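Okay, so here's just one chain, in structure tokens, the form predicted alone.
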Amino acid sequence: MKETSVSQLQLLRSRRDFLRSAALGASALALPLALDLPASRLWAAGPATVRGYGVTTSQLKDWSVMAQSIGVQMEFTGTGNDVGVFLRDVVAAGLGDQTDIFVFEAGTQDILGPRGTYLPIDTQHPALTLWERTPDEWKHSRVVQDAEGNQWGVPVIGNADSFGYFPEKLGLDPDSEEELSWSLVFDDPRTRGRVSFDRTWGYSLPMAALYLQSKTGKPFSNCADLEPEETRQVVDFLIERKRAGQFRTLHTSFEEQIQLLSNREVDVINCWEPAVREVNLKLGKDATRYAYTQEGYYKWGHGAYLPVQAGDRDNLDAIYKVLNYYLGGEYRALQARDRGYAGPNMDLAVAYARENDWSAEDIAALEETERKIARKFSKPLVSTTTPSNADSMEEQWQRFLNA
């Protein structure tokens, strides 16, 4: 199936899912926004407030820091990394009527940009003062541009996802940076029955394919966009592992990731790095670690995109101030310290930390984050939220869930 028709299919599915949710009387978005309020009332609080919606870990833990720095308040509603949910909320629910900035993984700009849902980024806007010094590999990446090079977003954060684990459970040194195999997730007898696997097909299928091609020595065409027969092979493998009792449970949300580790319900989990950091705040330093892997990573980037409606709002200058803030040292330093995420202009993060008297240990950790990203990004696999084979991948994933 061609990409265009897949995109249309995803949008249709998104609308269908939203209408089903509405018919059940459920609050599909769980937003603190009143969907039936006219826009004029929603913006009555003033132009210095910006409303964001997107992946929850793109948030600062305390947005008041940004308000003090640039004079703009953020009201942010977090969501997961399920592209179907995101498209449903943006397209079917018309979330752009009430939101100024969307933050999500690469791929949606290919659909929502040309469709007219996103507003092109004005790279000459006076508030976007850090644009010129931002490296091309970030600002001109496929995270924020479509295939034709149109600029639909501003780069926010990026990382290379793997899995969290308890070193003591595996007999490993907590300080070790040894590259571990994804076999610990999929078929290592030491972890059988002690693994949690993410329920989102777009996140978990590529990781399984990455491991399986290494195990068999037969590479797939693209682990992030598997051909139908390739997907069938990967799902057959996952079903075999599921029936062997490898997976203790499947999880869906960031909060579940933290809970499963904090409660020591599992020893290994394919998860987001911030979950490991949150757990270590509770259980102690290095109680859990985030793996360097032998086979590769789910490498991703988040972009900040503007709904087309934002172009007519009187807080557009404030919106661009926030976009510029995403490129600056304060946001970068706080995200690296609190989440382990990197992004463009890491040198500004180090400069910010020094200017604000961060400890030598924290500054060294920022520099370590930059080194970590460079090391992990040298490995295979780059993700996409909108693979051209999405229909067959999703259908085969249902076979795994039902097995």
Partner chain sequence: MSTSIPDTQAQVAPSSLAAKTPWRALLGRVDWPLALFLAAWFLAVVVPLLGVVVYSFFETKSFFTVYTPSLNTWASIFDSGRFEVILRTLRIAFTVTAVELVLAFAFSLWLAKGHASRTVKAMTLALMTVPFFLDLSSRTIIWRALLGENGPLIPLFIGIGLVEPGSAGILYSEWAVHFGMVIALFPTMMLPVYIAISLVDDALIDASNDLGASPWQTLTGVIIPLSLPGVIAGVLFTLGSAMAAWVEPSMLGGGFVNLLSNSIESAYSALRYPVLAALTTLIMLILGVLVLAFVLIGRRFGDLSSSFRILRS
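None of the values given here were measured: they were computed from a predicted structure. Residue numbers count along the first chain shown, from 1.
What follows is about the form predicted together with the partner chain, which we do not show.
*Asks:* Within 4.5 Å, heavy atoms only, one stretch in 316-324, 135-143, 212-220, 191-199 touches the partner chain in the predicted complex. Which?
*Replies:* Flagged stretch: 191-199.
*Asks:* State the residue from Gln294, Thr123, Thr249, Asn150 whose non-hydrogen atoms include one within 4.5 Å of the partner chain in the predicted complex.
*Replies:* Exactly one residue meets the criterion: Thr249.
*Asks:* Are all three residues Gly113, Arg339 and Leu381 in contact with the partner chain in the predicted complex, where contact means a non-hydrogen atom within 4.5 Å?
*Replies:* No.
*Asks:* Looking at the partner-bound form in the predicted complex, is His302 within 4.5 Å of the partner chain by any heavy atom?
*Replies:* Close contact is absent here: in the predicted complex, His302 is far from the partner chain, nothing within 4.5 Å, heavy atoms only.
*Asks:* Indicate whether the partner chain has at least one heavy atom within 4.5 Å of a heavy atom of Val85 in the predicted complex.
*Replies:* So Val85 counts as contacting the partner chain.
*Asks:* Please check if Gln259 has a heavy atom lying within 4.5 Å of any heavy atom of the partner chain in the predicted complex.
*Replies:* Taking the distances in the predicted complex, the answer for Gln259 is yes, it comes within 4.5 Å of the partner chain.
*Asks:* Using 4.5 Å between non-hydrogen atoms, is Glu265 touching the partner chain in the predicted complex?
*Replies:* Looking in the predicted complex, residue contacts with the partner chain include Glu265, since a heavy atom lies within 4.5 Å.
*Asks:* Who in 370-399 is close to the partner chain in the predicted complex, meaning a heavy atom within 4.5 Å?
*Replies:* The stretch touches the partner through Thr385, Thr386, Pro387, Ser388, Ala390, Asp391, Glu394, Glu395, Gln396, Gln398, Arg399.
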